[in-house]
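Given as structure tokens, the chain that follows is alone and in the form predicted alone.
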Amino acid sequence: MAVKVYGAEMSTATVRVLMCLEEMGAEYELVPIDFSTGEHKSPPHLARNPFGQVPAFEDGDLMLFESRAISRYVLRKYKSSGPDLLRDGNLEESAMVDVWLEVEAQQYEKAISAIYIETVIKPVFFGGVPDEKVVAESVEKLGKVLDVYEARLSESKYLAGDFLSFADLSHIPYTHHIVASPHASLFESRPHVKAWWESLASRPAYKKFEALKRFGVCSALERCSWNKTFTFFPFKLECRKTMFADGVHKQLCLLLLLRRHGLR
């Protein structure tokens, strides 16, 4: 019986879990959660995730939430059918995987989300003015994080060592969008970071997600009632791929707005 993932394709956290399932060649069902109707706060979904967020994960009688915890479960459950991405059999290697997963969650993601909230969400959806101090501080913070990455990746091909791990894959959902934005130079200017990302982007699971457009909001919007409400945003649904003057995809704006309202 296939496991179920309750979430949304525009959610970076949901993509994290789906990416792991694809890497392991696992059979799964994505059950869409409609945020426009408040489904994520409904009693049935709160029974799956008490914080009213996505993803939630069902495997028989087992229900899990929090994307990194779900991903670890997936990688252990299907270990025999895919790559060893947790290195549980080696104490030192598994410890390094844990270290870099913490860095991704506590340093990397926080810096990136602050930049996008200020430069995309505020002006586009709320008519506000970006707090340039916050932007500058966050860009500086992300740059310093990537400096650490550059140093680390000059010593090993991947973050935890000379082996691909979940610590690397967990970066994909956000990085996919950032390398296509005006902030791409943060990655391109660091040769080892650039090579690391290119290696991740060459993974079959990544290419499959790109082909299915699972990194963006397009396919999800076509299946849910956002079609009816999307015209209240500053651009029309049929123009969702049009670029802003600064090069940011409009679909990224919706992704981050939804993330701010529970897509974690």
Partner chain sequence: MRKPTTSSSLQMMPRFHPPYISPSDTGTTCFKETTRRLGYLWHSLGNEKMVVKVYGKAQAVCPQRVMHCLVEKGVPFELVHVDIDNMEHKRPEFLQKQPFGQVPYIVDGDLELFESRAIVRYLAEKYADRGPNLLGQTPEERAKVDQWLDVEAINYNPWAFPIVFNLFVLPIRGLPANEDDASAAVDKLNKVLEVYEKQLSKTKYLAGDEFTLADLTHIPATRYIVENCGLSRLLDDKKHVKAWWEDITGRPAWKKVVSFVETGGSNYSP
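Please read all numbers here as calculations on a predicted model, not as lab measurements. Positions refer to the first chain, counted from 1.
FYI, the form predicted in complex with the partner chain isn't displayed, but the following is about it.
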Just to confirm, Q106 within 4.5 Å of the partner chain in the predicted complex by heavy atoms? yes
At 4.5 Å between heavy atoms, is K133 in contact with the partner chain in the predicted complex? no
Residue contact check: N90 to the partner chain in the predicted complex, 4.5 Å heavy atom: yes
Taking the partner chain as it sits in the predicted complex, is V99 near enough to touch it, meaning that at least one heavy atom pair lies within 4.5 angstroms? yes
Taking the partner chain in the predicted complex, would P191, W196 and L200 all count as contacting it (heavy atom within 4.5 Å)? no
Scan M63, A205, V31, A26 and let me know which has any heavy atom within 4.5 Å of the partner chain in the predicted complex. M63
Heavy atoms within 4.5 Å of the partner chain in the predicted complex is the criterion; list the residues of 53 to 85 that meet it. Q53, L62, M63, L64, F65, E66, R68, A69, R72, Y73, R76, S80
